[in-house]
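Below sits a lone chain in structure tokens, taken as the form predicted alone.
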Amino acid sequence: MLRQINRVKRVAAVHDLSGVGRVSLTVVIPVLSTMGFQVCPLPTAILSNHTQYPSFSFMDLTDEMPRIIDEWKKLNVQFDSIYTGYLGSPQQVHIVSHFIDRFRLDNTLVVVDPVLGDNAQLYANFDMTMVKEMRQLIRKADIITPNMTELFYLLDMPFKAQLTDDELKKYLLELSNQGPQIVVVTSVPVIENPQQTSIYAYNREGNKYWKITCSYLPAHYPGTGDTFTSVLTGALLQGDSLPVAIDRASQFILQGIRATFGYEYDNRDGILLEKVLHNLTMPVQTNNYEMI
């Protein structure tokens, strides 16, 4: 009994692994480990470096993924959370969907970051087939964390850059009605203030909408989306409420960008995660959320 009470919670992380550049598993593992969780990687691919560099090597692990899953099943491994990020093909989506079906327990938190695109367009290797498969996968999620571009692709609607609170609430509800209890939309521009950006969230339990607004710094760092969803997942597993978990994640991203912003530094390497990881063990300093 004591062993069960004191055990470390375990997260299955379905992401790719890049040797250079702080993205995907090189972000997910340190963040969730710092927050006190055992991370069990289910790698989808191995890259020399992430794809925003001019060239990279790539090893597709689609065929290996079911073998890893089968071995985990033999070991009767159980997960407190299944957390998926970038999936490279519709076949990988199918594998992950089956993985969720085989390993999900009553209390397993399933988090899907539906990585499809950004800046109003799909990533180069994706087409509408991938979008359709992702629409099916989110039906199995407890939480999804799309950006604005992914929001509209999942809803099968034309992209719209500026939205009112009422429009966003409507779209969040529509996505939640497709399956996930919680929908968190990131990188929402603040119409009246380009110096800020917002995160909107809806929780079907309690029928509540939340909004968090934070400063916008004019710099792009790969991996911030992975970092945000990792902190959010860890905070919820630690027992935080949804608005506090989102607040912690957004604060951590801002801390990371500020720690990196002043350096003469290749932004493609991602935020200087090592300088701010210790902040994950500290209490939330401020609460920026509001209910809308």
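Treat the numbers as computed from the prediction; the structure is a model and nothing was measured. Residue positions are given as counts along the sequence shown, with the first one as 1.
The protein also exists as the form predicted in complex with a small molecule; that form is not presented, and the subsequent description refers to it.
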Would you point out which of 60-68, 42-50, 28-36, 241-249 contains residues with a non-hydrogen atom within 4.5 Å of the small molecule in the predicted complex? 42-50
W72, Y123, Y209, F152 - the one with a heavy atom within 4.5 Å of the small molecule in the predicted complex: Y123
Which of Y200, Y86, F79, F99 has a heavy atom within 4.5 Å of the small molecule in the predicted complex? Y86
Would you check, heavy atoms only and a 4.5 Å threshold, whether V23 touches the small molecule in the predicted complex? yes
Any non-hydrogen atom of V115 within 4.5 angstroms of the small molecule in the predicted complex: yes
